[in-house]
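Listed next as structure tokens is one chain, alone, in the form predicted alone.
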């Protein structure tokens, strides 16, 4: 049928696990933007949601680290972390094995992708689902990009993976929503945890909203590590959504550094009603420079 929705959102465990310790005014605006994104996605009437995430050694480790993987199961359990720590109860999330298989077959025409019939969701998927599908009533197709174990997936391959997902979504009869989830700048599980490079984040979001392929791919992993931390490698999930958006321009609906969440918190979408799609915008239109200030 078509890709009917495309957006990105942050997924750090503190977003749900340390909600009581954040500035209430900023936290509530962030949560409101997440809920607005969920409502906008629902208005497109998707039959399934592809979540492109950065898996955190919960399922894939250095003995088997695929560049790309897609889940192929009728259900997925999560979170793999302690529910009390994460602030999300364990739940069985519906999948769609048949749809996943058809998407994987299509993606394989353009991108080399592994598949997994067993997948435990960690916070990288569970935090977004907590806000976007709180009733867990929308089938989910998980996709993973290696953002953790060097050698990392090259950025241009992440873009091509997004294009492959778009081609696959447009080839199946179901209506498909796509959400990429990751950082942006953050230094998780290090002494610098809580550090956020707001200037770097806003520059990246400017490139992302313009869907500027050359600018988005003009990052070097050494510079990302220096300026945005090892968590900054997760921009690959955002870049994949850019590749899928087919030239559409985007809107940042919320951005703010929230140190207790240990990440620059972001909600943004592409307007697929423009070139290459059929999606309306979320809420009010604001530019990256206007949000969270």
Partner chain sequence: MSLYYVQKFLFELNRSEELQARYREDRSAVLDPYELTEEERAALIEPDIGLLFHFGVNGQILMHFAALHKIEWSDYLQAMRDGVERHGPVREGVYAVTGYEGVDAHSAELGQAPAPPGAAAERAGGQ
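Positions refer to the first chain, counted from 1. All values derive from a computational prediction rather than experimental measurement.
A second form of this protein, the form predicted together with the partner chain, is not displayed here; the remarks below concern that form.
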{"item": "Of 189, 215, 108, 171, the one that lies within 4.5 Å of the partner chain in the model of the complex (heavy atoms)", "value": "189"}
{"item": "Contact residue in the model of the complex, from 210, 156, 101, 90 (heavy atom within 4.5 Å of the partner chain)", "value": "90"}
{"item": "Contact segment among 32 to 40, 244 to 252, 66 to 74, 258 to 266, judged by heavy atoms lying within 4.5 Å of the partner chain in the model of the complex", "value": "258 to 266"}
{"item": "Within 4.5 Å of the partner chain in the model of the complex, all of 131, 202 and 219 (non-hydrogen atom)", "value": "no"}
{"item": "Heavy atom of residue 238 within 4.5 Å of the partner chain in the model of the complex", "value": "no"}
{"item": "4.5 Å heavy atom contact, residue 85 and the partner chain in the model of the complex", "value": "yes"}
{"item": "Residue contact check: residue 47 to the partner chain in the model of the complex, 4.5 Å heavy atom", "value": "no"}
{"item": "Residue 123 within 4.5 Å of the partner chain in the model of the complex, heavy atoms", "value": "yes"}
{"item": "Heavy atom contacts to the partner chain in the model of the complex at 4.5 Å, residues of 227 to 248 in sequence order", "value": "227, 230, 233"}
